[in-house]
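The chain that follows stands alone, in the form predicted alone, written as structure tokens.
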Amino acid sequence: MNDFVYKWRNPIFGSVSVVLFFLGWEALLTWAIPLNPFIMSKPSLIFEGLWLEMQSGQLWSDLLISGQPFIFGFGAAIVVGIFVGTMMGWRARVGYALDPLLTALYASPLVAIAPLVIIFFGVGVSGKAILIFVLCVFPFVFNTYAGVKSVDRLLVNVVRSLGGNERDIYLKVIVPSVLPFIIAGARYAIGRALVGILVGEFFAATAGIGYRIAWFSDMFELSRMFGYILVMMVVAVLFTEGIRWAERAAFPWRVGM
């Protein structure tokens, strides 16, 4: 039994904390503070509204609509960010040329360009995907850049001394060294991608998770609004845990670190 608890301690403790949070929230608004439905809701009403959205099929439709730009934008950010970061770290001149510009762009309030992106690329999948790409690409660029810069040059020299070419250096030295940095960047980029979905659909959309949250907020349907927010939180947790699982599978020696 002790071995079982030790093996599953993180999911058990995490689940218990979530359950206690919702129970405390429910108790607080049931017995301690009078519930004002125009200001706040409570878990029992939230789950009821979420269940109705699931039964009607609206929730699944909105998830599919929001999922398309997420996949395209996040996927493009992975490919472009890793490529640019690798070039910056491995080619010093490329790093010197791009680092000041990308740092300035990364430090700017990128969410503020959402209306401009929507105007140029429209309210469809392309506009939201580009916004998600812009928000997510920088964590991949800078984490990959940092990972390449941290590569042990001794290993590179060893591969070259044994007759290895550039391809061998990339596959046998750089990729294994950089993967932990990329995974760390992905965990951070997930949150930015979800923010990009919400912001893009807040400004101009007729469906999707962000649109539904804004619409329920305007209609003072707070229970259903919180239900959709809860769905976004669950999605974020699932993606983050998926990335952690991939990290444990790729680097089992880092599990206890």
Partner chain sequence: MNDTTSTAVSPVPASAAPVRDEGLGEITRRTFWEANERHALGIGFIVFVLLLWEVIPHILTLSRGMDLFFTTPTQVAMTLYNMFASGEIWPAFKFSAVAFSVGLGLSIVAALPLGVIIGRSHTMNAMLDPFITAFNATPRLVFLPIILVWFGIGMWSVVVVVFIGAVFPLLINTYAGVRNADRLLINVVRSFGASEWQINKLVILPNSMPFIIAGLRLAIGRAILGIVVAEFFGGSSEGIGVMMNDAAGKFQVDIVFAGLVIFMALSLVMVGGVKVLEARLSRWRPENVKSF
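Positions refer to the first chain, counted from 1. If you're wondering where the values come from, they're calculated on a predicted model, not measured in any experiment.
Unshown form predicted together with its partner chain; subsequent notes refer to it.
- Every residue of the trio Leu98, Pro109 and Leu116 has some heavy atom no more than 4.5 Å from its partner chain in the predicted complex.
- With a 4.5 Å cutoff on heavy atoms, Val18 counts as touching its partner chain in the predicted complex.
- Among heavy atoms of Leu105, some come within 4.5 Å of its partner chain in the predicted complex.
- Although the partner is absent here, Ala32 sits far enough away that none of its heavy atoms falls within 4.5 Å of its partner chain in the predicted complex.
- When its partner chain is considered in the predicted complex, Ile39 lines it closely, a heavy atom lying within 4.5 Å.
- None of Ala207, Val195, Leu28, Met54 but one reaches within 4.5 angstroms of its partner chain in the predicted complex through a heavy atom, and that residue is Val195.
- Counting a residue when any of its non-hydrogen atoms is within 4.5 Å of its partner chain in the predicted complex, the hits in 219-245 run Leu222, Met225, Phe226, Ile229, Met232, Met233, Ala236, Val237, Thr240, Glu241, Arg244.
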